[in-house]
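Okay, so here's just one chain, in structure tokens, the form predicted alone.
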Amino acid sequence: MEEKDQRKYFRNLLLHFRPSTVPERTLRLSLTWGLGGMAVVLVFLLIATGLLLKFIYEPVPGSAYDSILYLQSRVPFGQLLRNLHRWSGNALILLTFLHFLRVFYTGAFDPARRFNWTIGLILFAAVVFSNFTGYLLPWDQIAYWAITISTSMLDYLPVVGVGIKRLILGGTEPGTATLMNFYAIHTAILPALLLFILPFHFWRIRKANGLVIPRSPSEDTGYPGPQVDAMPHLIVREVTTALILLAVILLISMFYNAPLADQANPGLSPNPTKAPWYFMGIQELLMHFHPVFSLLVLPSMLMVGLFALPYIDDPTETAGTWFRSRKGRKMALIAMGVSIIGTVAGVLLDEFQFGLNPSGPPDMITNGLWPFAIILAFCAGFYLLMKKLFSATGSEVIQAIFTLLATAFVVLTVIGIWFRGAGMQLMWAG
């Protein structure tokens, strides 16, 4: 084989995971902000650091905590290694969530990408539960009671809740079986799932002709424009983004240590006892709604809505355009403002005992059905109002409703993390 042919063969082999040429317009950073690629970088960083941690960590309650102490104090760069793993895991959740928002707000789930939207939701769930299972492994007070409060939410689910909880914990409360279950899921099952689904996710993107490109006013066919070689135009940009991300994670890990409280004590719960930060929105919901609605009705409706979204909203004409249009951007900003004000006001009213059932245990009607009906009526009214005021399309109004609900959940999460103190009472963030 001639030298020229060898270089061409090697180049094609190296770029197999990327097309050899890409539309020049897709190189704009504002199309994706590199969020999907950064998430992949963090997945491999987590796998690499996790493999190294396996040489030290012992998944047994009597030894798990001591192995973390040994790692941090006796192993060269052990503290840095744990910091890299911990902060990469948290950053991965944030980046996948932002990637999810980017896909939604650019309408990148047209008919050619519907199934890939479903794959993306599965990947997002895998990332969250990978963090959740890893949260327990240090076996300190923070981890033990966070998992305890999270799994105790399952007790409120009718019929199946207690059984699911026992299956997850391997008993009635966190113990040896729980730690071994979480360790196996965190280090084997979920990484294998991610490594299996991620290539399929990227293959589906290539099958759909790459990134969604917004149509210009003069284009009726969405012609992508002139092509450029992936190397160096695309690959160099991706490598640069990856290196910047790794540098940021390294700097954070050098100056901020991953938290580690006292060894887990099942007989002494901290005050307050909080779920992991990515479940704090659900824990906050539990403080205002009946558990059946907080843990079953609302999450089920959200899941069905997300999986059905590409089939009820066809963004083909506006795919690739942020917020669908300038009008859509205004509607999204209004929805965000209304949601922030409404959510904060609702929490304050309920906190100061202006709720429907301020005393006694939660009631299915007064703390469940009535608030749920009010939320549905408010969303329906907001839908009709936006459609009338802006003469908006169905896609633009669906986007506004999504913004309304997503912002409310983010606000609840922020309140739960920073504004709940002893006894889960409201306080000013300190």
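Not measured: the values here are computed from a predicted model. Numbers follow the displayed sequence, beginning with 1.
Keep in mind that the form predicted in complex with protoporphyrin IX containing FE (HEM) is not shown, yet the notes after this line are about it.
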Exercise. Please state whether all three residues 325, 384 and 397 have a non-hydrogen atom within 4.5 angstroms of protoporphyrin IX containing FE (HEM) in the predicted complex.
Key: no
Self-check item: Location of protoporphyrin IX containing FE (HEM) contact in the predicted complex, chosen stretch of 165 to 173, 288 to 296, 103 to 111, 253 to 261 [non-hydrogen atom, 4.5 Å]
Solution: 103 to 111
Practice problem: Answer with one of 185, 205, 334, 154: the residue that has a non-hydrogen atom within 4.5 Å of protoporphyrin IX containing FE (HEM) in the predicted complex. | Solution: 205
Self-check item: The unique member of 52, 40, 375, 405 whose heavy atoms fall within 4.5 Å of protoporphyrin IX containing FE (HEM) in the predicted complex
Solution: 40
Quiz item: Does any heavy atom of residue 123 come within 4.5 Å of a heavy atom of protoporphyrin IX containing FE (HEM) in the predicted complex?
Solution: yes
Quiz item: Is there a non-hydrogen atom of residue 85 within 4.5 angstroms of a non-hydrogen atom of protoporphyrin IX containing FE (HEM) in the predicted complex?
Solution: no
Practice problem: Report whether the minimum heavy atom distance between residue 130 and protoporphyrin IX containing FE (HEM) in the predicted complex is within 4.5 Å. | Solution: no
Practice problem: Could you confirm whether residue 329 comes within 4.5 Å of protoporphyrin IX containing FE (HEM) in the predicted complex, counting heavy atoms only? | Solution: no
